[in-house]
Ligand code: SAH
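One chain follows as structure tokens, the form predicted alone.
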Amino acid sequence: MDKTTFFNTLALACEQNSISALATPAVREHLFALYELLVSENSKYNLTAITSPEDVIYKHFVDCMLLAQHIPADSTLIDVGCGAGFPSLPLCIVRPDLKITALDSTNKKIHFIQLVAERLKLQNITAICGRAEEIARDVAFRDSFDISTARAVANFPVLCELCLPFVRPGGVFLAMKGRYSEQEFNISPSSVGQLSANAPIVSTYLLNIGDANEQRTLIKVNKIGKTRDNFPRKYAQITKKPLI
């Protein structure tokens, strides 16, 4: 897709999803550069299964940009299981006030984010390679972020245990998911209480894609205290016996 077509498609996508104000000239240029790097590097490393230009714009860029309205100004944010940088890279571009840490256990994806940050001269993102359940026990990261987020990484109870330990008391975990599933998103107040958090608040909305749309779910969990010493558990324990 050439730049003019990209800009026109992006403008339409933002208009359809009521976020046109985010698509400033600088943002458009950065997103096009990100798109070109994603296409180029994906042919080498298989970074994402979403590859068509329109799908990248709608299902990666705009989908991630919609999260921006839920993040207070000047927040620190960690994107857990960030993959190739979604939502962290689009958020970094549209919200330069944020200080973002992108975390993933796959080195090639972290390398890609570092490449994008270097090429686009993005000063507000740091990418680190590691496992969430291990990094969350590092005092430099534990109970320290205003926001943690994860996008379709795992079932919600698993995500809670992986993501909430990063959040400071008074901060928020924002889980980005697809279609609402009562079975998947069900977690008892006592379980989130063990993670020093309040009961989840679930909201649903539509990602408008041309003449169609797809349901999205945003789950907000408020952290109310410091993480207990026994969390997070080892990953095998988290997945075999998730909090319910």
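Quick note: we count residues from 1 along the sequence shown, nothing fancier. Since the model is a prediction, treat every value here as computed from it, not as a measurement.
We do not show the form predicted together with S-adenosyl-L-homocysteine (SAH), though everything after this point is about it.
Is H111 part of the interface with S-adenosyl-L-homocysteine (SAH) in the model of the complex - any heavy atom within 4.5 Å?
Looking in the model of the complex, residue contacts with S-adenosyl-L-homocysteine (SAH) do not include H111, since no heavy atom lies within 4.5 Å.
Evaluate G83 for contact with S-adenosyl-L-homocysteine (SAH) in the model of the complex, applying a 4.5 angstroms cut-off between non-hydrogen atoms, and reply yes or no.
Although S-adenosyl-L-homocysteine (SAH) is absent here, G83 would touch it in the model of the complex, with heavy atoms inside 4.5 Å.
For V94, is any heavy atom within 4.5 Å of S-adenosyl-L-homocysteine (SAH) in the model of the complex, or not?
Judged by the heavy-atom cut-off of 4.5 Å, V94 is well away from S-adenosyl-L-homocysteine (SAH) in the model of the complex.
Indicate whether G170 is a 4.5 Å heavy atom neighbour of S-adenosyl-L-homocysteine (SAH) in the model of the complex.
Flag for G170 set to no.
Listed residue (L174, L98, V153, A117) with a non-hydrogen atom within 4.5 angstroms of S-adenosyl-L-homocysteine (SAH) in the model of the complex
Residue within 4.5 Å of the partner: V153.
With the partner removed from view, which of 101-109, 67-75, 117-125, 137-145 is the stretch that lies within 4.5 Å of S-adenosyl-L-homocysteine (SAH) in the model of the complex, judged by heavy atom distances?
In short, 101-109.
Would S-adenosyl-L-homocysteine (SAH) be touched by all three of A132, L162 and Y235 in the model of the complex, meaning a heavy atom each within 4.5 Å?
Judged in the model of the complex, A132, L162 and Y235 all sit within 4.5 Å of S-adenosyl-L-homocysteine (SAH).
Taking heavy atoms and a 4.5 Å limit, what residues of 55-70 are near S-adenosyl-L-homocysteine (SAH) in the model of the complex?
Residue within 4.5 Å: H60 only.
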